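Just the one chain here, the form predicted alone, laid out as structure tokens.
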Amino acid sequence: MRSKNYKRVYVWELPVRIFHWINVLCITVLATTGFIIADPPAILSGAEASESYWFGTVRFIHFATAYIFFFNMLLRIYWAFVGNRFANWKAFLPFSRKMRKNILHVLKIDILLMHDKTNDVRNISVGHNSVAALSYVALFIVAVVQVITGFGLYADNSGWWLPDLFSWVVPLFGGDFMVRTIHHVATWFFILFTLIHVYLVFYHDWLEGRGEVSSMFGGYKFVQEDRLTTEDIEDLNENSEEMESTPAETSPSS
């Protein structure tokens, strides 16, 4: 069997990785504190009221994390215009025929769990595949909804100008109930997305063996040389050397 040579390629830049892990922490904290705020447990205690104001602490953690989530999202939007080709906003919209074709391939492999009749290295995306890219666009839209509804609910209790910019949200939807419902449903979208995302990351890491999981820590993936010499991505290996000053590594795999 012909051996396949893989080269180490710099895919995820440091700001993208920082954004990703800040998002992981924020979503975890926001979902946990959000569910407590939505349905607070009754805790009986004989301590003084001033020493038992745990719910206020939960709300503070939720609001503080919401600010971090919001500004982290703004930084990611900025990096979508200044980052490399994998972070660029164009990589998330299926403008090209190749990207639209990749959607069908991913649905066939990831959803229907079918096998390729032919082994075409161009079907294995170096960055995000087209379905993942579209799912991140949907996730971004949901994140915007979360920010708008969250700050809209917070506007009446905040003395800062930023939440006050969203004071129009609650009147627009006719009251707190509908805004809270939208905010709550959007949280479940994040949870569902996270479950699918984690499964597929480990699935592709096992199936393709290209360092899918470790790439979000170190930034590198392993890409077949045949993939590097097709289309317009032959410069990836040189870019990785310039950014990290590390020689590309070649690893044979049967």
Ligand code: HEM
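One-based numbering along the sequence shown. This structure is a prediction, so every number in the text was calculated from the model and none was measured.
From this point on, the text means the form predicted in complex with the named molecule, which you will not see here.
Enquirer: May I ask whether I103, G127 and V131 each come within 4.5 Å of the named molecule in the model of the complex, counting any non-hydrogen atom?
Expert: Zero of three within 4.5 Å in the model of the complex.
Enquirer: I'd like to know whether Q224 contacts the named molecule in the model of the complex, with contact meaning heavy atoms within 4.5 angstroms.
Expert: Close contact is absent here: in the model of the complex, Q224 is far from the named molecule, nothing within 4.5 Å, heavy atoms only.
Enquirer: May I ask you to check whether F35 falls inside a 4.5 Å heavy atom distance of the named molecule in the model of the complex?
Expert: Yes, F35 sits close enough to the named molecule in the model of the complex that at least one of its heavy atoms falls within 4.5 Å.
Enquirer: Is it the case that W79, even though its partner is missing from this view, gets within 4.5 Å of the named molecule in the model of the complex, heavy atoms only?
Expert: W79 lies outside the contact set for the named molecule.
Enquirer: Considering only heavy atoms, tell me if S215 and the named molecule come within 4.5 Å of each other in the model of the complex.
Expert: No.
Enquirer: Name the stretch, out of 90-98, 104-112, 167-175, 148-156, where some heavy atom lies within 4.5 Å of the named molecule in the model of the complex.
Expert: Residues of 148-156 come within 4.5 Å of the partner.
Enquirer: Would you kindly say which of I196, I61, A31, L207 lies with a heavy atom within 4.5 Å of the named molecule in the model of the complex?
Expert: Exactly one residue meets the criterion: A31.
Enquirer: Given a 4.5 Å distance limit between heavy atoms, list every residue of 171-190 close to the named molecule in the model of the complex, or none if there are none.
Expert: Stretch hits, in order: R180, H183, H184, T187, F190.
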